[in-house]
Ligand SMILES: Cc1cc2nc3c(=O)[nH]c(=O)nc-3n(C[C@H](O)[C@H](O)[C@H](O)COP(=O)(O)OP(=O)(O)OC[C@H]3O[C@@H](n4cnc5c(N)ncnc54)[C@H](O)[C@@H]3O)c2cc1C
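First comes one chain, alone, set out as structure tokens in the form predicted alone.
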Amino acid sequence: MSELFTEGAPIEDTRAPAGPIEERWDKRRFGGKLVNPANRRKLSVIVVGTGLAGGSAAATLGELGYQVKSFCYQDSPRRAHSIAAQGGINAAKNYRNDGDSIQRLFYDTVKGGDYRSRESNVYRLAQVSVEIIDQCVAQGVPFARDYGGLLDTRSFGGVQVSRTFYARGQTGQQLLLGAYQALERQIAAGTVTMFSRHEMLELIVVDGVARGIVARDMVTGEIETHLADAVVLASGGYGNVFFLSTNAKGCNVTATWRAHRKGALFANPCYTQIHPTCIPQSGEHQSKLTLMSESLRNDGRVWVPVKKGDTRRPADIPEGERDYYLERIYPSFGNLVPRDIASRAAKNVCDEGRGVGPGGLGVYLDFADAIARLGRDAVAAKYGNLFEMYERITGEDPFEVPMRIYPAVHYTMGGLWVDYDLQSTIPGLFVVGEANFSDHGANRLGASALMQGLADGYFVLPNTISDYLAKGPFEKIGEDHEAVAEARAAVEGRIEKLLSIDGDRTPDSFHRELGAVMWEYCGMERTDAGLRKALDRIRELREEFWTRVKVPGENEELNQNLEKAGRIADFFELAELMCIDALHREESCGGHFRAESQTPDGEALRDDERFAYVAAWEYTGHAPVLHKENLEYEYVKMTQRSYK
């Protein structure tokens, strides 16, 4: 594979303290330098993204007294994609007295990630989780409560305790509104300046240090430069490289990819999560897919007909002719196995010809038993808005007939490489939330994305960025600085090139074709031959894109085709790196399943001797350079994952 990449020097996280793991976060906070309140007012920070990680980070930094500029491409910060999260947020509160603890949340997360995440980061996440719930309750987030008025919890995949706090099926929305009101308070106080409808198109790096961004005003087309003492990226994941995903259509990789091109290493890009409970695709016309919360697997039972090609209505299939395959294969966890396992199991039964619905690409999620056991009102109280959303989209009532579900791209565990302080390989560039790689290994457990976003934004970043900012005051950089002018010119040149091609294909047509290639060859199952085929096709498509794409209109206006074209150009480069990463990792782990590496019963087979490392890739403009960060486990023993 030497023609695809070269191997460089190993990389190491030097910021995590030594000593007992439960003391490391306290030790790091105490060892970090502080900035006194008077000096904070003289320091500036740019935060890109206003989801749970970015919104909470900007609000907290503003409250601390820093001068913050916050950017989002939506018309309001509260439209960040975090608002779409449904099921809940994990925290090791142990209110149910069911054996949960910080240690168990730590263990479940490492195991769920198939032993491909850092112990120090994951343990800190488990520690901070208990503070998040208190913070959100104080903000007024309306978490579900039990009959006695105490906070309620439910279970999610990959665990055997109830640690997921929720607000019906709208948890992300309620948490984001909490962060949004904290952000708006700081905007009103003057510590945060908000730039909505602005898209970051370049990172400004001066003498090797991140000092600002180039952004485009999406309404007027004006190219702006914004300078600061540090930059925080909270721009989310890159699941839309597959075209069809549960992500909002605007979600993209441009902010992190621009940073990658400027020197930030990109870690584990092939680790993508396929969510098992999504509404199946209904036709070629679709441009996105809809998630059905994992929380539904608490009470819904997943099944398919025993016989191949059984097209009877579900009500006409007797109990004895149904295969509750997750309960059969994984009796200990049943329908609450982790997402990667549930998704592959659904694919397997559909590949056997036992899938349901159009094209046989679906399985049933049945609530009949739960309705009989709990009553319709109790089920409606838990899942009513999810049932309503399903009925509006499909025209079928889940109270009367089982839901039909099928896996879809949902989340990306890969992202920019960061150390324990959440700082990338570019000094002064910090990365939080889904945009970094740090906590979930090769597979994220359900309800842990919201936990990581708020942990990073409210509690981790404010404590670690101060150590960097304490080096200030920093040299003032003007817009006439050579590096600033170069970054701005690069953005203007790229826009001009996209507008000048005047080809005969729309940006969406390229995106749809790229997504189909990625889903086929770098989706739920990957092979050596398939990935090589994908690489050839991606390169052909990218060349074609730069000669045939048509971007009508001008820059100096609202131009959504221009926005799409810029994002898709970055997706082409990312897609190539994802396939190279998947090809080089000749093992199966979590969401990365190589058909050549599986156990006799079809489970993911890791190769810890060769691949127990983080793959951090350096951009060169041609063959990328691989830097390995070896993963060492002191507190969790690496074993073959089993949920049986």
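One rule holds for the numbers: they count along the sequence shown, beginning at 1. On a predicted model such as this, the values are computed, not experimentally measured, just so you know.
As for the form predicted in complex with this ligand, it is not shown, yet the points below apply to it.
- The pocket of the shown chain is open, since this ligand, superimposed from its pose in the predicted bound form, puts no atom within 2.4 angstroms of any backbone or C-beta atom.
- Ala255 is the sole member of Ala342, Ala255, Ala264, Ile465 with a non-hydrogen atom lying within 4.5 angstroms of this ligand in the predicted bound form.
- The contact with this ligand in the predicted bound form, taken as any heavy atom within 4.5 Å, belongs to His198 out of His226, His198, Arg404, Arg537.
- When this ligand is considered in the predicted bound form, Ala378 lies well away from it, no heavy atom lying within 4.5 Å.
- In the predicted bound form, this ligand stays beyond 4.5 Å of every heavy atom belonging to Phe242.
- Taking non-hydrogen atoms only, Asn443 never approaches this ligand to within 4.5 angstroms in the predicted bound form.
- Within 4.5 Å of any heavy atom of this ligand in the predicted bound form lies no heavy atom of His511.
- The candidate stretches are 356-364, 443-451, 135-143, 487-495, and the one lying within 4.5 Å of this ligand in the predicted bound form by heavy atoms is 443-451.
- Contacts between 600-616 and this ligand, taken as any heavy atom within 4.5 Å in the predicted bound form, involve no residue at all.
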